[in-house]
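Have a look below at one chain only, the form predicted alone, in structure tokens format.
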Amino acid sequence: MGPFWRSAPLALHLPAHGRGRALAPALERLLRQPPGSWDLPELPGFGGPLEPEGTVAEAQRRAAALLGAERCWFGVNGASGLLQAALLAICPPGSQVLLPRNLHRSLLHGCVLGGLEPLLFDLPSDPITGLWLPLEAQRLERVLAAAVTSGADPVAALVLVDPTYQGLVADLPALVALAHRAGLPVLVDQAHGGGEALAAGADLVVLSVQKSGTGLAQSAALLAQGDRVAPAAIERALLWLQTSSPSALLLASSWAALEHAVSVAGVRQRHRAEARAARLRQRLEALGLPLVANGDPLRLVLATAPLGINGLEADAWLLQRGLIAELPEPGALTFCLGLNPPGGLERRLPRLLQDLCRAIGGEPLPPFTPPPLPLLAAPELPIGVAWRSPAEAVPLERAAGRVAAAPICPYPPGIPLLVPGERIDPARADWLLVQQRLWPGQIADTVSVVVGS
């Protein structure tokens, strides 16, 4: 049983279909059929993501054409599964891969599965909200130069996350061009985007059609173009990581959502949602509520720190009053409005946020101090070895000098300050202790380290 609210909850979280209000019409029709009638195996004529012929193969070809890709594969294990497959396709075993610190954890899992060495590069951050900021071309130039001398193993690829969870966007064409000049293929995690990275020249792009489209959770698509990554390598990796019994419902969800997004009705739906979102943003700003500027009109990010409010506390307070946000963080709270924002949004959200400020607001929180991360860092112990080694919990005060046995993520959304195999240097250990005092309950008293490290 969920929380009790006097009125219907104001659900501003993913999936973007808004609890069914904005499902792709074809998917909605499918779900109205007798339950279970759509639960089909890879029947002849229907096929699957790796079959050359059949309904699924034709839908993938049409999706690629609609999105401007050369190839498309649907996935039923979310963007997570397709990111891992893309990583294994683009990087041979033993190679290094450049990964941003704001990576999704599935990419770390992919490094374990593929025997890859992650080269983690630091990103700028905003002192007001504590949010990671998009990568800039000048910083990437420095990262690429440092990667050349990072080790004996070759660097196989660059991975980018764009847009971020909060809808922040980078200059992708400039970043992709730099990587290509360095001889690196580019994989872009666009789980929170719509495939724009293809036009920027990215070689592989992963979409989550439930985050920015009208599909169901776990439905996703992998797009490819160019000759830097062989389609055979992609299909081999998909064979390793995707189920041999893919859900027909999720495959249909991927196609229905992608097709609907570029249809006349889908474009009209998005324009209506964005117009409502723009009016709502204007109203909130007129009330003096600080909003983070971003590139996604349907992601509303409230900067809670200037209001003197911890975003996690704001989330808990709002949840008790029927407002469900998508992502709370110490200095910000992200709302996903979806492609058919809920009724009463324009009336209820401003009122609730004003009530929040009156109830628990105060003096602005102090500026966020970024973690003391090197520009580029690689685990001292192979990530797969560290993650599977015997581990012990040690007090945070005694963690300096030890090797992490699990990711250390100070607070949501789980961006790792340290990955398994990285040595916990004194500067990061001290930073964690400070953060623990600033955000009680968000950072554990102990960390998991490799025995004997």
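From a predicted model like this one, the values you see are computed outputs, not experimental measurements. In this text, residue numbers run from 1 along the sequence as written.
Although it is not shown, the form predicted in complex with a small molecule is what the next lines describe.
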Pick from 244-252, 266-274, 301-309, 160-168: which stretch has non-hydrogen atoms within 4.5 Å of the small molecule in the predicted complex?
160-168
Going by heavy atom distances of 4.5 angstroms or less, which of Q96, S80, T129, T334 would be at the interface with the small molecule in the predicted complex?
S80
Looking at the partner-bound form in the predicted complex, is S212 within 4.5 Å of the small molecule by any heavy atom?
no
According to a 4.5 angstroms non-hydrogen atom cut-off, is A191 in contact with the small molecule in the predicted complex?
yes
Quick one: does H104 come within 4.5 Å of the small molecule in the predicted complex, counting heavy atoms only?
yes
Regarding P410 and R105, go with closer or farther for their CA spacing in the predicted complex versus this form, the difference being 3 Å or more.
closer
Compare the CA separation of Y411 and H192 in the predicted complex with the one in the displayed structure, and answer closer or farther (the difference is at least 3 Å).
closer
